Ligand code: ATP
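Consider the single chain below, provided in structure tokens and representing the form predicted alone.
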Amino acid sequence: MNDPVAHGAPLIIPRNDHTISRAKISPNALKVLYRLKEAGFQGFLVGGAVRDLLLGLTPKDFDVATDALPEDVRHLFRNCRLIGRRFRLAHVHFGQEIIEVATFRAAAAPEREESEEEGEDALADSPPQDSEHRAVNDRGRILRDNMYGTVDEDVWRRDFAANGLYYNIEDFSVWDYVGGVADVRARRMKLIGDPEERYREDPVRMLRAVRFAAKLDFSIEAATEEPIRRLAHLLDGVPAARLFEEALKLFLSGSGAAAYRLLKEYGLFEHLFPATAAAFALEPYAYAEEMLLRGLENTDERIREDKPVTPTFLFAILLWAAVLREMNERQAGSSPDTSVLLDACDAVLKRQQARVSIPRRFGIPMREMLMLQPRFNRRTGAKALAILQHPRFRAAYDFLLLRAQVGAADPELAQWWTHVQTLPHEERLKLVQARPGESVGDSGARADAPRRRRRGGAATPIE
């Protein structure tokens, strides 16, 4: 076992001995904590918020743990909604802010034989030992966990010691059962309990270890790190919809490039985006990995500058190598055909749904964005400018710039489209009419970078 301390009383750090100030805590979280206290319940700020406050950071979310049952919380707050099947939670709404309130959970129930099916659907076919409260499958993965307990029991259900800290609204002390304060000071992620057992309970904890290490610039403790490569395959059984949410957290939290490097190092990325990982391993598409890293770095920079980012662009750079490979394997002959690109996009998106599902609200605009890439090659005639009015133009243009940065598109082409956007309409028309005639076909698909040869000798229309 990897428990820093035996199960018992916590180390209680009084207000004068830690740096957490209520001035840095969300006023809405304080409302929840104080109302729980006034109603006779325990109330603790828990998890990442306590960790971040100790690090001097501003938490994004504020979660509360209490001995009040979900129904009690709903009774106390008219603006409360109960959610969840796997974990029953109370969400208290304050405008755009949601304070998540969880009831203390008890220690794990004894495991028993379950169905081999994975995912949330397994609940119907694998009755748990306590069907009302807890279910695990035969691999140890928790399917449902609503066995309520005390704060002394609750901490052992949390994942990492640095996230296992409790800020007590009663006297503003910090309760530390698992050496979490020492881990925060040492900037390390360490699982509470046996690492292999905890990963088998919930394989997403491997992604969380990577995400926190990347986001906080923490190391991953040796015993916590060791099983990851061996157990990475367990991600294949996690519901694809849940992995979509985890992918957004990994890549759209301001540390996406660092997260990608760690995912690759631990053999996790190939279980999230298998077609992309397979394409990166082939020489003709190796440059696309540099493109992905640059795209993630650009996204990280936008997040730091508080600029908007979109999952549409994220999944475009994540799947581009896979789309190119699919397109080239489908392409018959040397005459480029954008319909092949469309078919390749659809095929890659369809297969990807089995691992990390991509909702249609992101998949459809992603496909539109990629389908604009060949049209950038056409720069003659007034119709060439119609692309400027396309709703996906800005994202597609940014994607073109990214391709140019890694040598997959002509830098002069990218510069031309940068320049034309600055011109008045009449000057744009003069520019496209003054260019020497280019015969590019209706689709406008042609090579826009030094051509790479595919098997059979046909050149790729885009890269």
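On a predicted model such as this, the values are computed, not experimentally measured, just so you know. The numbering used is simple: start at 1 and walk along the sequence shown.
The protein also exists as the form predicted together with the ligand; that form is not presented, and the subsequent description refers to it.
Contact between His425 and the ligand in the model of the complex is not found at the 4.5 Å heavy atom cutoff.
At the 4.5 Å threshold, heavy atoms of Pro70 stay clear of the ligand in the model of the complex, well away from it. By the criterion of a heavy atom within 4.5 Å, Asp159 is counted among the residues contacting the ligand in the model of the complex. The ligand in the model of the complex is approached by Arg211, whose closest heavy atom lies within 4.5 angstroms of it. None of Arg88, Arg379, Lys215, His271 but one reaches within 4.5 angstroms of the ligand in the model of the complex through a heavy atom, and that residue is Lys215. Across the options 370-378, 344-352, 200-208, 178-186, residues that bring heavy atoms within 4.5 Å of the ligand in the model of the complex belong to 200-208. Residues from 240-255 that approach the ligand in the model of the complex with a non-hydrogen atom closer than or equal to 4.5 Å are Arg242, Lys249, in the order they occur in the chain.
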